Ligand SMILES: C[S@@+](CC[C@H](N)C(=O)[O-])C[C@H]1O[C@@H](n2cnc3c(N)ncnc32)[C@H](O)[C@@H]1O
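Just one chain follows, in the form predicted alone, and it is written as structure tokens.
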């Protein structure tokens, strides 16, 4: 499958469906059924800092940093509709940012050795060139700059609830592997009467790509939030799964 075709397919999806995802999975949240920035404090004090968001979506994470006195905001997204939403949302709240509508893999008009933080909240997995994207992100950061990103945990796409109710074979409410952890091939997924194209990268793929770029990984978090873990009322499949394995994963790395 050609990378350009994958990118165009996903751009078409987001241009058509951006409004459906307005404000979802944005800071302080890092992901589904996952600990938040209020728990982790990965960014710390961003006062006076220059921030670049990859896959900025509707702009809610940019506003989160603006509310905390970040000095400069930039956002990149492949969807013009997402950029339109982000511009309008920030304007409504009295903020502005510099936006670039382009795939993250592209050669972008972004200053190098400039940003204190580059981050992506549930966006980095859309890249068709992980190593190239990490290399570009490193070039945007100052020395000792911080790169933070979250995404679906690999196991999230590898396991499912068993449909076999025969107790002599499998117990009810048992998770089974329905996809190989090692399979990083692209696949299509139906969403909102359309489809997206993704691949499911191993955790080691992310770690090794960061290392090759010259990042030092400071934290890797794969932790379900306390509310979900302790809930006796939320009996949804997602909650039950989250109590058994991480749904999301988050990395914090420093440019050496």
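Numbering follows the first chain given and starts at 1. Computed from a predicted structure; not experimentally measured.
Omitted here: the form predicted together with the ligand. The next part is about that form.
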* Asked: Any of the heavy atoms of residue 51 lying within 4.5 Å of the ligand in the model of the complex?
  -> no
* To do: Give a yes or no for residue 75: in the model of the complex, does one of its heavy atoms lie within 4.5 Å of a heavy atom belonging to the ligand?
  => no
* Quick one: is residue 17 in contact with the ligand in the model of the complex, heavy atoms, 4.5 Å cut-off? -> no
* Asked: Using 4.5 Å between non-hydrogen atoms, is residue 159 touching the ligand in the model of the complex?
  -> no
* Go through 140, 149, 134, 126 and name the one with a heavy atom inside 4.5 Å of the ligand in the model of the complex. => 126
* Asked: Looking at 175, 102, 155, 110, which has any heavy atom no more than 4.5 Å from the ligand in the model of the complex?
  -> 102
* Structure fact -> With a 4.5 Å heavy atom cut-off to the ligand in the model of the complex, the contacting stretch among 209-217, 52-60, 224-232, 183-191 is 52-60
* Output the sequence-ordered list of residues from 12-26 with at least one heavy atom within 4.5 Å of the ligand in the model of the complex. => 14, 25, 26
